[in-house]
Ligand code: RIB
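In C-alpha cells, one chain follows: the form predicted on its own.
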C-alpha cells in the first residue's frame, strides 16, 4: 500500500483526485496539504475537509499550506473554471472563515518522520507549499520516498499562456526550486494530462453506480467542468483530469505512462516565457542521470487510464 500525502489546491480536478485516493485500496492517504491556487487557501482547506467529511474520513488531517507565491505577488484565482467555492455548483455548508490564519507544517513533518522513507508526496497544485517544506526542514524532507508533480508543458502548448502550464505559472520560483532540487521526482505535464479525459458517457456510468455522498458529487462537478472546457477548447470530448493523472503515476500502473528523464528548469524571470518548463528534447538528446534528473511522463495509454478510473470510482470501498 502506498502512503500518500496529497498537496492540493482543492478545485474540481483536485477533488476527483482526492476521491480516487480515498476509494483506492492501494492508497493509504496520510494527509492533505491545502494551498492557494484554483481558489484561495481558506476555500481549498475547507473543500478538503468537506470532502473528507463526506467520505467519513475525518481522521485524515488537513494541513494549511501557502496563501501566495514565493514572489509575494497577489495570487490569481479561477472561479470561472472551478466555481466561486472551487467545487463547481457545490456550495459546502462550512464557512471558509474558520480556516483563516492557520499554518502547521510541523504536522506535515510529523507524518513524514513517523513513516521514514515510505511517504510519497503527490503535488497537484502550486509548488509553493512543497518548496517551503523543503526550505524549512530539508532533513525531514530527505525522508520522503518519492515526489510527483502535476505541472509543466514540454512538447505541448501551455494552458495559462502559450508556453506555461497553470501550476508552474502560478509560482515559477517554487516550481523551479522543486524541479532543480527534489530527488526522486516525477513530473506529469500537460503532454499527458490533456489526454486524461473522462467523457460524459463514462461520467454517467460512474454516476449510475454512485452510492455514497462523496460519489454523488462527482457528476455535478464534472458536468460543470465539461461546460467550462467546451468554452475553453470547443469540441473537446470530455473533461481532462490533470490532477488525477498525476496521482495515478504514483501507483506504477503497468503500461499507463512512458517516461523520459531530463533536467528541468522553470523560467521565473521576464515576461514572455514566464512559467515555462524547459527540458532538452532535441533529436539526439538522451536520458539524464543523477540527483537533478527528473522523470517526465511523455505518453499515456488512454484505455488503461479510463478502465482504472472507472474501476476505482465505482468500487464499494
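Residue numbers count along the first chain shown, from 1. Keep in mind the model is a prediction, meaning the values are calculated, not measured.
What comes next is about the form predicted together with the named molecule, which does not appear here.
The partner is not drawn, yet in the model of the complex one stretch among 162-170, 83-91, 129-137, 215-223 has residues with heavy atoms inside 4.5 Å of the named molecule: 162-170. Taking the partner from elsewhere, residue 187 is found to have every heavy atom lying beyond 4.5 Å of the named molecule in the model of the complex. Among residues of the shown chain, residue 175 is not one whose heavy atoms approach the named molecule to within 4.5 Å in the model of the complex. The named molecule in the model of the complex comes within 4.5 Å of no heavy atom belonging to residue 277. Taking the partner from elsewhere, residue 124 is found to have a heavy atom lying within 4.5 Å of the named molecule in the model of the complex. Residues from 208-246 that approach the named molecule in the model of the complex with a non-hydrogen atom closer than or equal to 4.5 Å are 242, 243, in the order they occur in the chain.
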